[in-house]
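Here's a solo chain for you in structure tokens, the form predicted alone.
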């Protein structure tokens, strides 16, 4: 099959790497000439937000998918009309890529998500009590386009763009569950992972699997995934980011209609990775076994503060000597502060051992510039 991917970043790269053992042709579209997919696919440099560019890219493909949701969904809808398979479908991409539509989607289908107010412009009065979270309607990812407003003084920092104003959850844990459904209607769910964020960068720092959850909490998550898949009514792989509050209630933070950072540890930690699963979804093949092997975790390799330019990875030789430790670099030649350049997966027999190894590895590696 000729499989087109909108976006040529690391998620697309790892999807293609996983699928190279099969017989398909991969085509990618990305605005950056040096995108991570440029040398492992039939690469087109172009704007995946431009209607005509996306239409021309997709019209001769058997199936088109995404590795970033900020694409031209109207062009994907037109491709569907022309008989091209789009996974996930254009309608759910359009819903999820706009935070306002995404929140209204949760409300419509009784999927628990924090209370919210929609603000379309700066003239509208914010009615949510302090503290609250502001999420820009479009364009946010990796912690960008999201901020917490805690005090009256912080009101001066409120963005003027269309946004969701959301009540602040008293968070005990941040969790993620990755679910998949193929065109035949078969579904599979990966074990829930815990996400530990870097408070300074607002980026995922560690990812830990499995998580000890009570029967009640697991039931809440199972109910959410079932409601979500029924409501979406589309083949796809979806990462549902969740909050567990201090009273034991689960809330949906947001959803990504694609491969996700919170599933990277599945590369070595599960019987099959999220990338293998996504390939099978795109091809409408039987879905893969998602069982976890003991404890697994991931840490992001991000550009160090004060470093921009040609990348150097300090400490990698020492990491390569460690058992059950796996390096994944993204093929990015230029680093800058906070930029995701790769990740490292770790396996362990206990949660305590896993955390010790993750903290140790993090202390050993720095992503700097020449």
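Numbering follows the first chain given and starts at 1. Remember, predicted model here, so these are calculated numbers, not experimental data.
In what follows, reference is made to the form predicted together with a further copy of the same chain, a form of this protein that is not presented.
*Asks:* Have a look at 331, 315, 31, 337 for me and say which one sits with a heavy atom within 4.5 Å of a further copy of the same chain in the predicted bound form.
*Replies:* Checking each option against a further copy of the same chain in the predicted bound form, the one that comes within 4.5 Å is 331.
*Asks:* Exactly one of 83, 286, 129, 185 has a non-hydrogen atom within 4.5 Å of a further copy of the same chain in the predicted bound form; which residue is it?
*Replies:* Contact check passes for 286.
*Asks:* Residue-level question: is residue 120 within 4.5 Å of a further copy of the same chain in the predicted bound form, judged on heavy atoms?
*Replies:* Looking in the predicted bound form, residue contacts with a further copy of the same chain do not include residue 120, since no heavy atom lies within 4.5 Å.
*Asks:* Does a further copy of the same chain come within 4.5 Å of any heavy atom of residue 291 in the predicted bound form?
*Replies:* Yes, residue 291 sits close enough to a further copy of the same chain in the predicted bound form that at least one of its heavy atoms falls within 4.5 Å.
*Asks:* In the predicted bound form, does residue 23 have a heavy atom within 4.5 Å of a further copy of the same chain?
*Replies:* Looking in the predicted bound form, residue contacts with a further copy of the same chain include residue 23, since a heavy atom lies within 4.5 Å.
*Asks:* If you check in the predicted bound form, is residue 77 within 4.5 Å of a further copy of the same chain, heavy atoms only?
*Replies:* The answer is no: residue 77 has no heavy atom within 4.5 Å of a further copy of the same chain.
*Asks:* Given a 4.5 Å cut-off on heavy atoms, tell me which of 223 to 231, 155 to 163, 249 to 257, 272 to 280 is the interface stretch with a further copy of the same chain in the predicted bound form.
*Replies:* It is the stretch 272 to 280.
*Asks:* Quick one: 18, 40 and 327 and a further copy of the same chain in the predicted bound form, is every residue within 4.5 Å by at least one heavy atom?
*Replies:* Every listed residue reaches a further copy of the same chain in the predicted bound form, so yes.
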